[in-house]
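Before any questions on binding or motion, here is one chain by itself as structure tokens, the form predicted alone.
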Amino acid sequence: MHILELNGVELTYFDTHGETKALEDITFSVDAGEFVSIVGPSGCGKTTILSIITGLIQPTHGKVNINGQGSKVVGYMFQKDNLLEWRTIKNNICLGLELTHNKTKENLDYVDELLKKYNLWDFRDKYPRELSGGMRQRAALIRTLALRPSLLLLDEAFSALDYQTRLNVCDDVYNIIKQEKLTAILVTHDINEAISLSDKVVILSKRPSSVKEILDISLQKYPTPFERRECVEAKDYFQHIWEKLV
């Protein structure tokens, strides 16, 4: 089942100098449980597509349909974890529930379940400065999961981390997404990251951005993103995507 469909999405900016077309005929779909990455040249509008999916930006033309199972909440993870330094880890995780007036016993029990399941229970009363970069990013993900999203958007979610931490967090976040049976879309400049995490990769052209290709990634026999990065087949996928981007 398609959980997300973009059909002929276009975006044109208007200012005193005239009009600038940013997106042109963006069309792709995402099935329930899929992990999809979006790659393209810098400035081509990858993050703009995420903003359109969330409804923060309205497209000039085209439609976006989100067919969530149950809740239609869209979760969003940014480049930085955006944890509030004066709140404990548990209080940070509960922030979205507070803002949406959903701090019910059921949802608080669910937060405790997530903290225990993903090894942050012993750190629930700690402050963000007391956690490693990887643990902070895990806390940010659990904060998003607490809202029970039907679709998770990750905007360069690992790029602020050092390389070694980034590799570990990719494995960590990927396992959580799969265990929770989430549907995810990642915007990234890192081709290897896209290949190692994704079921398919949407390759965009330079601005005005259009979909050059939707590439299926068949590396499911390797259980972790780290192993996929190291496999022989990944090099062929990398070369194919690189040639499309240059």
Partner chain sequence: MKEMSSEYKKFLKKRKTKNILIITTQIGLLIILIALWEILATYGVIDTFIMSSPSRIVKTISELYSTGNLFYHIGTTLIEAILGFLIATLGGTIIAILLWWNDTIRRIIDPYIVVLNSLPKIALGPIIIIWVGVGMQSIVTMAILIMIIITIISMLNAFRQVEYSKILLLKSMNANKWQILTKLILPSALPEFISLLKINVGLTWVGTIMGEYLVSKAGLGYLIIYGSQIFNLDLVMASTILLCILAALMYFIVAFIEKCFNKKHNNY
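Numbering follows the first chain given and starts at 1. All values reported here derive from a predicted model rather than from experimental measurement.
The form predicted in complex with the partner chain is left out here; the points below concern that form.
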| Wondering, does N82 line up within 4.5 Å of the partner chain in the model of the complex on heavy atoms? | yes
| Do G96 and the partner chain come within 4.5 Å of each other in the model of the complex, heavy atoms counted? | yes
| field | R143 within 4.5 Å of the partner chain in the model of the complex, heavy atoms | value | yes
| message | How about S29 - does it come within 4.5 Å of the partner chain in the model of the complex, if we only consider non-hydrogen atoms? | response | no
| request: Kindly confirm or deny that T54, W86 and H101 each have some heavy atom within 4.5 angstroms of the partner chain in the model of the complex. | output: yes
| task | Have a look at 156-164, 143-151, 170-178, 115-123 and name the one stretch with heavy atoms inside 4.5 Å of the partner chain in the model of the complex. | result | 143-151
| query | Since the partner is left out here, which residues of 187-206 would have a heavy atom within 4.5 Å of the partner chain in the model of the complex? | reply | none
